[in-house]
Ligand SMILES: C[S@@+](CC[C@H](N)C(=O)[O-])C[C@H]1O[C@@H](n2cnc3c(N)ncnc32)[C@H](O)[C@@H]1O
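For reference, the chain that follows is the form predicted on its own, supplied as structure tokens.
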């Protein structure tokens, strides 16, 4: 069957109509005429794969990664970076208009950085003497020698791991945002640990700390942050600063007396904007995050910030006299109680940092009776994947 692809869906698949049904075509691009093979059909939609490309898009490129067809981590390597950014902006616009009834004009242009070598963290899995990434939708391990998303220094560690692997179960590799410091946490068995000790600043082997420290220091703008192996930290070494600067711009403009920083992680956003607010309270339920947050507070000599270790929904009803609330929730978005109390607390400004525009649109649709959506700005925090981060500014009506 030959079809013409109309556009990309929200996961980067080609989209067309077949038998009056929506058809998703993995690997196809807008404007392409392709021969397809239907692999799944139900009463609402069809899934298909490309057999032959008859007319090729000018935005089609050859994927650089040798594991592209199997890994599933990078779904957009067959298209230009220009098309990827354009498709993600369109995705945000469609979701905001459909679920939050927001004009597409309020969605700004994409903020992006480099398309490769941007990640400061990866996790490798081990199975049957192989280490690599899980194959898409399985727990089968695709052995890898390098990953294009990380720095040469991190790829050198992967090379060493392949040489010394006996029965590695899992490896976490982190680097500082300047790429200088590296942290490795390894579970399993290797033939010789010394090659890793020679190249890693921090090494944790089966729970044993085999270095002087167990955390690295990473910089965002003019602030330094301790990052332990178990704490949350944004993975994009360059775009993170651009996103934080967008939040900072709003705080600078308002100069609020009291800021609530919900889902604060290791305190990075609160500390980053702390010079322009009188008081900041951070809340996060991860104990390791709060330990790091208090260390980061001391490291940066910040005296106007405090942290609470608890679930946001357990504490949200105890705050009053808040001028600005910053929220950076997990992919599931805000829970019902938190949304209810955001409007009861009634701050002048809400800054919503979101890693999933679907739940962002849902939440904005419930908040826009009390708040005007001023802007939604997409950030390509995860190039070569379908994910997109957003910063939304809400003003009290």
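Every value quoted in this text rests on a predicted model; they were computed, and no experiment measured them. Positions refer to the first chain, counted from 1.
The same protein also has a form predicted together with the named molecule, omitted here; what follows describes it.
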Option touching the named molecule, based on a heavy atom within 4.5 Å in the predicted bound form, out of 311, 125, 238, 252: 311
Among the candidates 155, 112, 182, 289, the residue which, in the predicted bound form, approaches the named molecule to within 4.5 Å (heavy atoms): 289
Candidate stretches 54 to 62, 329 to 337, 358 to 366, 27 to 35 - the one whose heavy atoms come within 4.5 Å of the named molecule in the predicted bound form: 329 to 337
Non-hydrogen atom contact residue 234 with the named molecule in the predicted bound form at 4.5 angstroms: yes
4.5 Å heavy atom contact, residue 256 to the named molecule in the predicted bound form: no
Contact label in the predicted bound form: residue 263 to the named molecule, heavy atom within 4.5 Å: yes
Residue 285, heavy atom within 4.5 angstroms of the named molecule in the predicted bound form: yes
Neighbours of the named molecule in the predicted bound form among 194 to 208 [non-hydrogen atom within 4.5 angstroms]: none
